[in-house]
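Have a look below at one chain only, the form predicted alone, in C-alpha cells format.
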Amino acid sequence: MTEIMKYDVVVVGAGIAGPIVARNVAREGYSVLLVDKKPAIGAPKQCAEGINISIFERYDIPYDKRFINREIYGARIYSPSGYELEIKYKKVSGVILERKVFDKMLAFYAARSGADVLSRTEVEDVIRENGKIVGVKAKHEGEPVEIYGDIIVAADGVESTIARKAGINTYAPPHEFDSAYEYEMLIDGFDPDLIHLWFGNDVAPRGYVWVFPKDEDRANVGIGINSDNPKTAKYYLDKWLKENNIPSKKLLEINVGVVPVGGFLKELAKENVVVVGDAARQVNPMHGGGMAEAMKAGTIASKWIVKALEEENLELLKNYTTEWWEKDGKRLERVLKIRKAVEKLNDEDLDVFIEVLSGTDAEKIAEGNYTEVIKVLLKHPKVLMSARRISLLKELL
C-alpha cells in the first residue's frame, strides 16, 4: 500500500543546498520534508572537502570540531617548471571538512529546526495533476510513497531528475564538465597547514592536482580535468604520483565524480519547482568548488520560498532566478570567462605568471579580485615581451 504524505515544501537531495533550504524554511514555521536516496547522508563523498572559514558565520553553521578535519592557513601554487606562489595567513583561512559528517549535520540542523528528514528515500518521478507538478513519487526503504508539496526543491545533483521533469532545460555538452578523481591517502613531505595546487597542461589539462591535508600525513590527493579528454582523470593522477615519487599503496578512500564548470541554468524556478546547488550547476568554474555557491543559492531560494508561502503566490519564486543572476550569476559568468582564457595558456605562460606574481597577488586571486592581478601582470616585462599574453590578458579587462 502506498503511503501518502503532505508538506508545504519537499526538498529532494541532502547535499549542501538541500539542507540549507530545508533548515531556513522550517525555521519560519512551514512543514518541510528533506529526502535523500543514500542510506547514510553524506556518504559517499564527492569532494575535496576544502572551504573558506567565512561560511560558518555567514550561513549560521556551528564551527563544530566533529566535521572539521584540519584548519588551513593558506595555499601554495606550483607551476609546470616548479615555480611556487605562496599565500600564508597568520590566522585560520579555511578548513578541510569531513563531508560524511558535515552533510549529515546539515540535515540534523534542518531536522532540529522542524523539518522531517528521510534518508534511503529515492525519488523516481513527479506527480502531476491537471498538468501541474504537485508532488513526487518515491521509495522509502523499498516501499512506495507519494509525497505532495506546494513547492518542490530540486537539490538532486548534476543529473537532476526533478528539474528535467519540470521542463527546465538542463542540457550541457560533455565539455562543460570536469572529471574528478581523488584518493584519501597517506602522504608525506607537504606543509599540512596549506593546501597545495599544481598546474600544467601535462599535469592536469584544464584543471589542477590538489593536496588538501586532513592530518599531518593524510590528505585528499585529487585531480580535475576536462571530461572530454581522451585519457582519464585517474590516468593523470597516477602519472603525477609516479613522477613525484609518491607511494600509492596506502589508499584509504577513492572518490570519483563530475563537476559542472561550464555555465549555469538560466531558469532556476518554474511554476512550483526550484533548482539549487549542483542541480543548477552553481559551481565556481575556476576551481570547481560548489559548497559555498550552494549555500548562497540555497539562502536566496529559501527567502523567496518563504515569501511565496506567506503571500500564497508561487509567481514570487521567479524572483529567486532574478536575484541569483543579479548577485551571483554575473560574478560567476565573469569567472567562467577568465577560466576559458586560462585554458588557452601554455605551460610557459603558467610558469611566467606564477613566477612574477607575489603573495599579495595570490591573496587577490583568493578573494576573486582577478582584475587587479591582470593589471599587475600587464605591467611586468616578462609579460610585455609576448603579444599573445598581452592579448589574452586584455580580453579579461
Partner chain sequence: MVEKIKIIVNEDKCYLCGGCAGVCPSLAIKVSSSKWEFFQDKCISCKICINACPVGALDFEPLEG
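Computed from a predicted model, the values in this text were never measured in an experiment. Residue numbers count along the first chain shown, from 1.
The next section is about a form of this same protein that is not shown, the form predicted in complex with the partner chain.
Exercise. Which listed residue (L118, V92, I127, I254) meets the criterion of a heavy atom within 4.5 Å of the partner chain in the predicted complex?
Worked result: None of the other options qualify; the answer is I254.
Exercise. In the predicted complex, which of the listed residues (N272, T299, T321, S227) lies with a heavy atom within 4.5 Å of the partner chain?
Worked result: Only one listed residue qualifies here, and that residue is S227.
Exercise. Would S179 sit within 4.5 Å of the partner chain in the predicted complex, counting heavy atoms only?
Worked result: Yes.
Problem set entry | Distance check, N244 to the partner chain in the predicted complex, heavy atom within 4.5 Å | Contact check for N244: no, nothing within 4.5 Å of the partner chain in the predicted complex.
For this session: Answer yes if any heavy atom of E159 is within 4.5 Å of a heavy atom of the partner chain in the predicted complex; otherwise answer no.
Result: E159 belongs to the contact set for the partner chain.
Exercise. Looking at the partner-bound form in the predicted complex, is S248 within 4.5 Å of the partner chain by any heavy atom?
Worked result: Flag for S248 set to no.
Exercise. Just one of 190-198, 171-179, 302-310, 77-85 has heavy atoms within 4.5 Å of the partner chain in the predicted complex; which?
Worked result: Going through the listed ranges, the match is 171-179.
Exercise. In the predicted complex, does each residue in the set E122, T232 and R281 place a non-hydrogen atom within 4.5 angstroms of the partner chain?
Worked result: Heavy-atom distance to the partner chain in the predicted complex: all three under 4.5 Å.
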